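Next up: a single chain in structure tokens, the form predicted alone.
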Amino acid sequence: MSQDTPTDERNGGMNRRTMLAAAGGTAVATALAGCSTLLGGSQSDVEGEADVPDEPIQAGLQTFTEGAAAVLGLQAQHGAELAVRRINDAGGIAGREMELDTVHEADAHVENYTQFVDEGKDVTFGPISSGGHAAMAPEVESQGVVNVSTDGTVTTLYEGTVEDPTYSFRFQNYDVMECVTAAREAVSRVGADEIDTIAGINPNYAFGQDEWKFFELAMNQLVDGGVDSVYEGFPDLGATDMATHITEINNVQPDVTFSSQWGGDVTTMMNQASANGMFGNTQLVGSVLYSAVDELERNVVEEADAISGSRNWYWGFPDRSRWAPNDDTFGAARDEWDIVPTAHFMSGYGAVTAWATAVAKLVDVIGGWPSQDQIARGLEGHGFYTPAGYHVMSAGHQGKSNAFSGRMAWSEEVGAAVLEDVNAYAPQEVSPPEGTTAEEWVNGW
């Protein structure tokens, strides 16, 4: 039996063992207690299985490494690399170090995954794209090599595309969670009595259409009498001219404008909105505006006074002086890659940590290296820590974590945008219970 060490205020009241697990350094040493009945087969089936192999674990990550989407994709890559390094520094998983091979996801999500499988990868991570994830998930089920996606957050993935997944998992909160968070933030900060009209500028593909749908649904439920949607625009990814949409917003002057633009598209939209006076005509609320933190300029941030979500992690909440894992991870990202880490950094970090901690637990339980089927079953209901806090991979294969949102402001100390007055929402506040679709849940409020 282990003995807990004294707690420390800077560790958020956690003991050293748990705090280190949150930082990732000893993730493999803190796998949660498990039961062989969860793993497939009887106890007698697994006793005496082969020892843990000697060779390194081969892992593949697909993410955007070039183009406008690299603003997010490289964050995910760096987060995954940091998690792998911390695992290896702690002695690997049951003594096996990890080796991570990263490829540009481009528009080749299925091809990238099958290439990883052909190369003998033990596990794959990614992608960023929702459309790519929807295309890839059925192939994951066919090939039978576990994939833990970093993002690809479209709501319908596990409600329609792959309704009963075995090998496909998703770490990051999905669309309905961040849209309900954004709607609650709009109502809380602007005031339900002050919101009669809404509008949307969202990316023209599955993610943007999904996010607008759930923001609109949630707002109609949260505001007595509902809201009028006075404009919806869907610029293409990477569009360089969003003047048409900004002009429409200025013409109709909605009380709230919702946007799920991300990465470089946030920068384009907010720069052009600033140049055309949009921020004086509406309150901008976004799900992932903060993803462009390293590109946004001070005057635009201050003029916008926007409300932004930060998915399942914001590096400044809890405050870094009181939460050492945040301080350590923020410092590592600044020192090594000269970036302000975002929730997409945590997407990569958390996807790796989810798989690694589940496998470490399985090795303890079965006394050998687990099969793909055992890993898949071990991930269901698996709970684990990262610097973002505690996460659970639900029985439905959707990761569920706290959701964060705050008001964007400029920080002289950081030299970039920060989130102030941050709110955290527990998963049960922003996501449906198991067995209920997101649309049924929101419409049932």
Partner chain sequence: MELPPRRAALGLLGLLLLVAVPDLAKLSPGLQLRVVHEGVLFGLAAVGLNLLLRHTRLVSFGHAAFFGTGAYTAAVLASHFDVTSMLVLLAAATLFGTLMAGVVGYLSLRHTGLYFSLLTLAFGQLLYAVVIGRGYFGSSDGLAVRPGEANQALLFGVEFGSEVYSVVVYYLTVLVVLLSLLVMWRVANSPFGDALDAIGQNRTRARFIGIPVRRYVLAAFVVSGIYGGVAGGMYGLVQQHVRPEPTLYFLRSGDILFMAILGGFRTLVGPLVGGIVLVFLQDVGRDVTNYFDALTGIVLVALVYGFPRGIVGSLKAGSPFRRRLASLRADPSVAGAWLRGAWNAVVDAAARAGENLRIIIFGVN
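Numbering follows the first chain given and starts at 1. Everything quoted here is computed from the prediction, not taken from an experiment.
The same protein has a further form, the form predicted together with its partner chain, not shown here; the description that follows concerns it.
Undergrad: Choose one stretch from 242-250, 114-122, 211-219, 362-370: the one whose residues place a heavy atom within 4.5 angstroms of its partner chain in the predicted bound form.
TA: Among the listed stretches, the partner-contacting one is 114-122.
Undergrad: Let me test this: is every residue among F330, P341 and V418 within 4.5 Å of its partner chain in the predicted bound form, going by heavy atom positions?
TA: No residue of the spot touches its partner chain in the predicted bound form.
Undergrad: May I ask you to state whether S142 is within 4.5 Å of its partner chain in the predicted bound form, using heavy atom distances?
TA: Contact check for S142: yes, within 4.5 Å of its partner chain in the predicted bound form.
Undergrad: Hey, in the predicted bound form, does A108 get a heavy atom within 4.5 angstroms of its partner chain?
TA: Yes, A108 lies within 4.5 Å of its partner chain in the predicted bound form.
Undergrad: With a 4.5 Å heavy atom cut-off, would you call R322 a contact of its partner chain in the predicted bound form?
TA: Taking the distances in the predicted bound form, the answer for R322 is no, it never comes within 4.5 Å of its partner chain.
Undergrad: Going by a heavy atom distance of 4.5 Å, is G132 a contact of its partner chain in the predicted bound form?
TA: Yes, G132 is a contact residue.
Undergrad: Can you pick out, from V146, A80, A273, V154, the residue that has a heavy atom within 4.5 Å of its partner chain in the predicted bound form?
TA: So the residue touching its partner chain in the predicted bound form, by this definition, is V154.
Undergrad: May I ask you to choose, among V187, V230, V103, M98, the residue with a heavy atom within 4.5 Å of its partner chain in the predicted bound form?
TA: The option sitting close enough to the partner is V103.
Undergrad: Suppose contact means any heavy atom within 4.5 Å; which members of 192-222 contact its partner chain in the predicted bound form?
TA: Sequence-ordered list: Y205, A206, Q209.
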